[in-house]
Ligand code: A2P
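The chain that follows stands alone, in the form predicted on its own, written as structure tokens.
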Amino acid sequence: MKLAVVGATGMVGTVLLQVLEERNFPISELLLVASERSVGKTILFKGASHSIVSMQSAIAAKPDIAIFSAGGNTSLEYAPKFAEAGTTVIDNSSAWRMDPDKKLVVPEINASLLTTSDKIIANPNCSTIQLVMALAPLHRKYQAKRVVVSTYQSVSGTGVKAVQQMENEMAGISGPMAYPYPIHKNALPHCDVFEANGFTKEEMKLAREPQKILDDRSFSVTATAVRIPTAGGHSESVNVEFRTDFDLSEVRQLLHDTPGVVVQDNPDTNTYPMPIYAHHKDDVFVGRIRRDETQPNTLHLWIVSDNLRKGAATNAVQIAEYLVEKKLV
């Protein structure tokens, strides 16, 4: 199994290598790709040094799988070139997610759709993944009609520059700004760029991607995405109106029985999900499960997950594991 990691020096790329090592993904040859200025530098993986190679060298090596975490423009340019060489690409950017010819995959939900002809596979947005992990079993049972999401997203979702901005501000140091305003002791209702309709790209990803993953356009999602000064882990306040009524104990059981979902929901002991506890974990945590008393068939949920792991790296590795297990590469 020849594997390429494109964007190996970035935040997600670094976590990708950690996850690959932790899960003991079968690798006979590892190709690490980063920007031209990083070529020749080394990265440690499983105790061995691996030199960073150029994009062209990696394509020429014809890896079985290439996991991309290098931004949309890079994916648009180079993912097809890897695919033409026979490589199956798993892409973490937004470049291919809404392409009607590309699968948008959360393995626990829809990996069974994958075939050997899928040469570019899209990894969903981090906030989308944790939402659909909790929504999927409930939607199958009760049929969602309308979902209202408010997110509380960590600075790690923006990248290294944003983490540095927050750390500088906490230390009282002036430095480069990833955001138009301070993030320390603040909350920015501004994740990604604004679109013509007044929503941000992040909010529109949450609106569009769940429908594609669940293969159902009969429900709608509307979102407000907020950046908060946490180092890692995204949180979501989710309100779901279903077409049929539900029993709260059955809702908890459905979530409890869903692989990859952990229910943390006991108000008597102040037990509920928080990013500080989701950090470095692969599960999606769900709590504050309660009925909305203002309208029928409506449920409140609080969902938390590590955005760099299940929200990006772990989900991509799980897709790769499925491809290997089912002999699709």
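Numbering starts at 1 and follows the sequence shown. Please read these numbers as outputs of a predicted model, since none were measured by experiment.
Beyond the structure shown, there is the form predicted together with the ligand, which is absent from this document and is the topic of what follows.
(message) At 4.5 Å between heavy atoms, is Met11 in contact with the ligand in the model of the complex?
(response) Judged by the heavy-atom cut-off of 4.5 Å, Met11 is in contact with the ligand in the model of the complex.
(message) At 4.5 Å between heavy atoms, is Ala70 in contact with the ligand in the model of the complex?
(response) Although the ligand is absent here, Ala70 would touch it in the model of the complex, with heavy atoms inside 4.5 Å.
(request) Evaluate Thr87 for contact with the ligand in the model of the complex, applying a 4.5 angstroms cut-off between non-hydrogen atoms, and reply yes or no. (result) No, no contact at 4.5 Å.
(request) Please run the contact check for Ser38 against the ligand in the model of the complex: heavy atoms, 4.5 angstroms, yes or no? (result) Flag for Ser38 set to yes.
(request) Answer with one of Thr200, Thr74, Thr258, Ser235: the residue that has a non-hydrogen atom within 4.5 Å of the ligand in the model of the complex. (result) By the 4.5 Å heavy-atom cutoff, the listed residue in contact is Thr74.
(request) Using heavy atoms only and a 4.5 Å cut-off, determine which of Val263, Ile59, Ala34, Leu301 is in contact with the ligand in the model of the complex. (result) Partner contact (heavy atom, 4.5 Å) among the options: Ala34.
(request) Establish, in the model of the complex, whether Gly7, Met55 and Val160 all lie within 4.5 Å of the ligand, using non-hydrogen atoms for the distance. (result) Checking in the model of the complex: Gly7, Met55 and Val160 are all within 4.5 Å of the ligand.
(request) Would you mind picking out the stretch of 265-273, 293-301, 279-287, 62-70 that comes within 4.5 angstroms of the ligand in the model of the complex, counting non-hydrogen atoms? (result) Going by heavy atoms within 4.5 Å, the stretch is 62-70.
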